[in-house]
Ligand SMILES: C[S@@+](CC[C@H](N)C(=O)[O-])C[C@H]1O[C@@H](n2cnc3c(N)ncnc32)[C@H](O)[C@@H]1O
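As a starting point, one isolated chain is supplied in structure tokens, in the form predicted on its own.
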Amino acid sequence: MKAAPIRDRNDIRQYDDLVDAWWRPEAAFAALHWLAAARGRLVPEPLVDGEVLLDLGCGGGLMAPYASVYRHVGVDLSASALSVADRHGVLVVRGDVAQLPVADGAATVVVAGELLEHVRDLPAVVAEVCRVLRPGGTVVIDTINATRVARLALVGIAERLPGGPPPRIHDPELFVCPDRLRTLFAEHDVDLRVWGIRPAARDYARFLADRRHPVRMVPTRSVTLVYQGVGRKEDG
């Protein structure tokens, strides 16, 4: 089997190289399955049929099991990932999250999971998230803090561990300070609350033993590494 090429950090072509791994929970995107489940617990129930959940950086559609009560629309730049998401029932749109091909206020829920640490124009992306979110709507995020500890733990160490991120998938220069993120959302009338999140130790030990058992992500006070957040857009 031909080895995958060595890509630059944060090169979107890595998702083409790993396209067969999306729905294999023991493979390279294992942690994305765990995070999708944690994200799903934060998605509110829709009030009426047909409400839209906009899934930004949807990848292979791992939010699908948690968004089935919505009209689940996924946006991504990776054509190969969108092809996988489409097969799992996501209404896919190829597009740039800094210039969304979506109408103002179209979404009741916007999910930006493991996305913000990959974008180069964070203010533009936050502005777009808030533009397409309807008044009273909910935004759900998770991302990586811009700390030295996160750089060491999630790049220097975790890329070498089972269940860790694929090597070179992250550029630590793009990691996101939570205070900055809250400020950016506040500029668009969204009050974002954040908290830390980590794998449950016992679950992770079982995963290391058999590569099958899912790992629950549990909240923690520290936002030093990975953190999660929920915001609500003010009613107009």
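We number the residues from 1 along the sequence you see. Just so it is clear, the model here is predicted, and its values are computed rather than measured.
As for the form predicted in complex with the named molecule, it is not shown, yet the points below apply to it.
Site residues Val109, Val140 and Val190 are none of them in contact with the named molecule in the model of the complex, judged by any heavy atom within 4.5 Å. Though the partner is left out of this view, Leu77 does reach within 4.5 Å of the named molecule in the model of the complex, counting heavy atoms only. Interface membership of Val218, defined by any non-hydrogen atom within 4.5 Å of the named molecule in the model of the complex, is ruled out. By the criterion of a heavy atom within 4.5 Å, Ala64 is excluded from the residues contacting the named molecule in the model of the complex. Proximity of Leu54 to the named molecule in the model of the complex: non-hydrogen atoms within 4.5 Å are absent; the residue sits far from the partner. Checking Glu159, Asp86, Asp104, Asp96 against the named molecule in the model of the complex, a heavy atom within 4.5 Å turns up for just one residue: Asp96. Site annotation in the model of the complex: the residue of Arg134, His118, Arg71, Arg151 reaching within 4.5 Å of the named molecule with a heavy atom is His118.
The chain is drawn here without the named molecule; in the model of the complex, the stretch among 54-62, 198-206, 41-49, 179-187 whose residues come within 4.5 Å of it by any heavy atom is 54-62.
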